[in-house]
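Just the one chain here, the form predicted alone, laid out as structure tokens.
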């Protein structure tokens, strides 16, 4: 309306709270994702392995009943130990990588491609809230795939084995929870950063795998040429596996990591180097987001 009429009045009603505004982005994102039949099928199929693990735990504590049916040695099928829970976390984490590669590229790139970011930031919505809103979609879905089923299996084992088992193996629960969050945050930041810089979704999804597998291959070449172990700093799976070993077993470990997250024996790097490399990766992703998530873009 024309300014000279002086009929414009600012909005004086009640404002929604910060948490309510933050939930707007994931609410509509989940509605769009729910329409994808492939995504729904993949998400449901991701619980097959946890269900198998739950069945194994149940069989381990009902071997006497199975013995009456002629099944012998059921209590020695698979030991419920650190390898059991690390394998669960490793397998589910790889599925989370596929999920992030499928969902992540479509979170930020459409807003940038259609110049819609200024519409978000023109409202009482900061850049940090925008990033957190987009990231929460990945955080929630990947949490439901990784540490949530892991903690439920830990509780199931504690219930069947006896509640005294849980304090004695509390490190397993800490490893599942904090180890999963290390992986989830890395995937979420990387997916959003690539989505902000690569507007073509298939290319951004391919780059997700390229960052992990091509970088790991480059690190293997460095190790082979220089006859060193420092090339593992380019291998994100190795870095996360090193962190998981410390979380699950402490300084003295009896395994070489989880499935897909192996730490070769004799090629261990100092833990502080692994943390520093992961922090550097997260810092690069945050810098990439800060450069792209702006209310206005200057085109030269």
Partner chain sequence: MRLELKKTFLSKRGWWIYFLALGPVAITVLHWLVEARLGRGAGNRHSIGEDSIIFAGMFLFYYLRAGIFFGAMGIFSNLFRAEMLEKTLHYYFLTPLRRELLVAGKYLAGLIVAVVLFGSSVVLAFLTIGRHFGASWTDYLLHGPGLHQLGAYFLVTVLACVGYGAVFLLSGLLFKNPMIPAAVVWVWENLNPFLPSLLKKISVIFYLKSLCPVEVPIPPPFNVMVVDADPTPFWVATPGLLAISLILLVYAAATARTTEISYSD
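Please read all numbers here as calculations on a predicted model, not as lab measurements. Numbering follows the first chain given and starts at 1.
Form predicted together with the partner chain: not shown, discussed below.
Would you say all of 18, 26 and 35 touch the partner chain in the predicted complex, counting a heavy atom within 4.5 Å as a touch?
-> No, the whole trio is out of contact, none within 4.5 Å by any heavy atom.
Of the options 170, 116, 160, 221, which one has a non-hydrogen atom that comes within 4.5 Å of the partner chain in the predicted complex?
-> Selected residue: 221.
Heavy atom within 4.5 Å of the partner chain in the predicted complex - the one residue of 203, 122, 152, 78 that qualifies | Flagged contact: 203.
Tell me, please, which stretch of 104-112, 142-150, 194-202, 178-186 lies within 4.5 angstroms of the partner chain in the predicted complex when heavy atoms are compared?
-> Result for this chain: 194-202.
With heavy atoms only and a cut-off of 4.5 Å, decide whether residue 230 touches the partner chain in the predicted complex.
-> Contact with the partner chain, no.
Hey, in the predicted complex, does residue 225 get a heavy atom within 4.5 angstroms of the partner chain?
-> Residue-level check for residue 225: yes, a contact with the partner chain.
Any of the heavy atoms of residue 128 lying within 4.5 Å of the partner chain in the predicted complex?
-> So residue 128 does not count as contacting the partner chain.
The partner chain contact at residue 214 in the predicted complex, heavy atom, 4.5 Å | The answer is yes: residue 214 has a heavy atom within 4.5 Å of the partner chain.
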